[in-house]
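This document starts with two versions of one protein chain, written out as structure tokens and named structure 1 and structure 2.
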Structure 1
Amino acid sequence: MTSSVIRTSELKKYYSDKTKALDGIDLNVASGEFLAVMGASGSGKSTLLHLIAGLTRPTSGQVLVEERDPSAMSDTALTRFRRRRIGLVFQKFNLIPHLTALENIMIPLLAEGKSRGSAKDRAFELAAALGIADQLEQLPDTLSGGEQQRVTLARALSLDPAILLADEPTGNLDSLSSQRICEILDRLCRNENRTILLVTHEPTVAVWSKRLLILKDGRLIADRPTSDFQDAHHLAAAYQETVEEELRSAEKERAE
């Protein structure tokens, strides 16, 4: 039986004004799974990723990542755990502008105490795999959006994390660059057995995953294999139908 690398139980995140960012999420993610999370703005997608990564703490409930609770760790232990076990990729590339692509990729390796030589070797290895070996001496603002995102991805993979959390990684990219990133993520999952949790609003991106989660108003309203959908158009239609059905159910409850 495949073990769960991410588990949440009755996971809730409320803010001071009682806004329910997440309202009781139960989730099990197996090792090597590729999940996509869809939902409208404010549905709780990014909050879910932030809680799993330990970037914020839950109001109640629990997150376990490789059987460890990020919210129970000290800041130092959490930083070390996240750096070693979880790769983070965001819509904003968060590259340091005055460092070259090579130097940006080397940052986690040097922070982990690797020698400059071994860090450089690892960066070159990743850059070659991601198709950016020729851009390593360039500064971020001289690279295209797709190239910057691949630098970000290389940095996230530098310490060989088991889990990759990606929050709208294609949101700032053109369709061709977006396709390239999806191909890379698919390869990372299939060939390297990495667990990937991807937040997106794009059906053309979500269809690359193996499992689709749909959030609405902080609740998980659907959890389906993407093999249910013939293509991105069918996935988009199913997503819309699920959301509309949830709205109808909520209206019926209010009427009763």
Structure 2
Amino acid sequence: MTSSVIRTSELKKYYSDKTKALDGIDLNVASGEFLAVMGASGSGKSTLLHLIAGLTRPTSGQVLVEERDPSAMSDTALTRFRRRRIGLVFQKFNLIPHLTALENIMIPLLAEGKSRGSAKDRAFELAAALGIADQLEQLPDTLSGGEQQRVTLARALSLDPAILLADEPTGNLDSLSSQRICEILDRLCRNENRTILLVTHEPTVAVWSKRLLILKDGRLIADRPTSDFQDAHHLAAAYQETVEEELRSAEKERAE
């Protein structure tokens, strides 16, 4: 039986009466699932990931990650839980500017008490897999956007987390590098049963997932197996159609 790794019920995050970033999300994610989250800018994708990671608290409703409620944990417990169980790749890279790429990747490993030698080995291994082995001695601001993104991904994967939350991890990459990252993510789910939630605007990235979520104005308007779509082109068309259909029915409701 596959157990639920992430569960949300009636999850809401309101920043104000007008800004309902998330407006009632019910989601059940099983271990080893690879989900893509799509939706227009401002539809609540990052907010969803932040709530799952316990970086912000829900206005109401609940998030459970491996049956634990991040908003009920102490700060120290949450930091440790996140470091051990959840890999985070966010839109802002959050690399430490005065540390080299190598040192940035090593941070979680050292924080968990690994020796410098084994942390370095692990960092080299990830860097090679992500194609940034030659950039390890550089400081973040000397790296290209795509390289910074890959350093962030390497750091997120360093402790081999059960859950990876990635917010547009391929946003700054050329299509070849971006497909390479997708292959790595695909392998992580397939061979190592990692659970991945990936936010993306790119159909060519989303098509790698097994399940596609579409958010609109903080609501889930679609939750479909990606196998419904033959290819990225199909997925893009279906995405467009779903969003337009939702617009039409909202307009109809207003008119009535």
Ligand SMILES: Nc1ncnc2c1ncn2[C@@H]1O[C@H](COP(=O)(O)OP(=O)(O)OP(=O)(O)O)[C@@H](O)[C@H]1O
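Just so we're clear, the structure is a prediction, and the values are computed from it rather than from any experiment. We call the rigid core whatever largest set of C-alpha positions still superposes within 1.5 Å between the two forms. By convention here, residues take numbers in order along the sequence of structure 1, the first being 1.
Only structure 1 is derived from the form predicted alone.
For the motion between structures 1 and 2, residue 177 lies in the other rigid part from residue 160.
Put simply, the small part of the chain turns as a rigid block by 13° against the big part between structures 1 and 2, using C-alpha fits.
Core superposition places the C-alpha of residue 130 4.1 Å apart between structures 1 and 2.
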